[in-house]
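Quick setup: one chain, the form predicted on its own, written in structure tokens, and binding and motion questions come after.
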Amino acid sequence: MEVVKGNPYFCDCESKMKNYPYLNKNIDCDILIIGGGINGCIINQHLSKKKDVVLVEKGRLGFCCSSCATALLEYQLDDFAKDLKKDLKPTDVVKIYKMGLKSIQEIKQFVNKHGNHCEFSLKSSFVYTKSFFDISKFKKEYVFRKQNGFKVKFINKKNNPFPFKVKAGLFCENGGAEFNPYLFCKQLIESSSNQDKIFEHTEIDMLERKGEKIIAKTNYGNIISCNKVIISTGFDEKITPEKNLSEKFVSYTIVTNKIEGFSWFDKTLIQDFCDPYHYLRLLPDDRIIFGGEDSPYNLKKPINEKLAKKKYILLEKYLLKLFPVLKNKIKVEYKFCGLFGFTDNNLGVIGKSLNDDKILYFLSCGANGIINAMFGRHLIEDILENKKNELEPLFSPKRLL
């Protein structure tokens, strides 16, 4: 299953993660985590401090879809509260927004403890529309956030601080953050407590139940016997008991050359309200990372290279429409695309499998995958310890099937 195409920017750095061995023997453990992308790295770092955990990754840690993340970390979802009323009650949306803000602070706390080696920075966020017909939606969302205690400013034509046209927008000071997702994975792995139980190039071909144990068979014929399995394989459903847990799309991204002296208001994280939508941020080395133009993914076919090339051209043209001053000044130096999953309520799939309660999902698809994963580590821990978590039903696989 092909999930990434191109040359991801974030992996092209001098500080590389060390190589971990492949598993070449049979082992036992309490918890097996399958998947070493950013989700697997987050849950492994959290659980390895308290439990006997093994992490296996079929390729290299921190690569695959994680390398394609643009890492605009925001508390807001892709849909507004009113649009989510079929899947989330207003009180649920408030809880999710607060969860997002708390997750951002937890990433900050992690960086404060372990050092800022992943280019982390708190940022303001801005979502806007250029359409007159969206103004009422933005006003209603603005009122909803204000009434529930969130710091937000309504932006219109008169008070727009950005150099492009805005009919309506929501500006949230310190409503988000950014980092290098690959380097964040590196920090998570390096601060994990199970260094001798992390294995790369180890693919799980089969899961089967034997009594109270789960038996995982690797591509080299070795066996891992465990009490619980946490599936964190992103959008690869080869071994998942349930299928089609999220709707699959391909998201496309370009990264420009270094543009000295160029910026915009507050170096804000920006997202538009188009369909398909676009999002961008300034990178620490004065580049612009610009993504979007999502297209549906066909599970039976590889990523369409011809379509990807068209999408990269569209992204560059759209970027120049936003900032005409950059004409003849930018050059696209990185082009890449990768899969992401979307769910009706914008949240990840985290919780027990319907087929076997010893198998748990940790799939942070949805609007804010990394934010979901930071909260999801606590949710997984609560499930393992049979504790009630009020947000569990919103993330549970049961809601989808």
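Numbers for residues come from their place in the sequence shown, where the first is 1. Here the structure is a predicted model, which is why all the values come from computation and not from measurement.
There is another form of the same protein, the form predicted in complex with a small molecule; it is not shown, and what comes next is about it.
- The partner is absent here, but in the model of the complex a heavy atom of 236, alone among 119, 92, 236, 316, sits within 4.5 Å of the small molecule.
- Just one of 54, 374, 349, 64 comes within 4.5 Å of the small molecule in the model of the complex, counting any heavy atom, and that one is 64.
- When contacts are defined as a non-hydrogen atom within 4.5 Å, all of 58, 69 and 72 contact the small molecule in the model of the complex.
- The shortest heavy atom separation between residue 370 and the small molecule in the model of the complex is within 4.5 Å.
- In the model of the complex, at least one heavy atom of residue 34 sits within 4.5 Å of a heavy atom of the small molecule.
- The small molecule is not drawn, but in the model of the complex it has no heavy atom within 4.5 Å of residue 361.
- Under a 4.5 angstroms non-hydrogen atom cutoff, the small molecule in the model of the complex has residue 202 among its neighbouring residues.
- Just one listed stretch, out of 295 to 303, 129 to 137, 245 to 253, 190 to 198, contacts the small molecule in the model of the complex at the 4.5 Å heavy atom level, and that stretch is 245 to 253.
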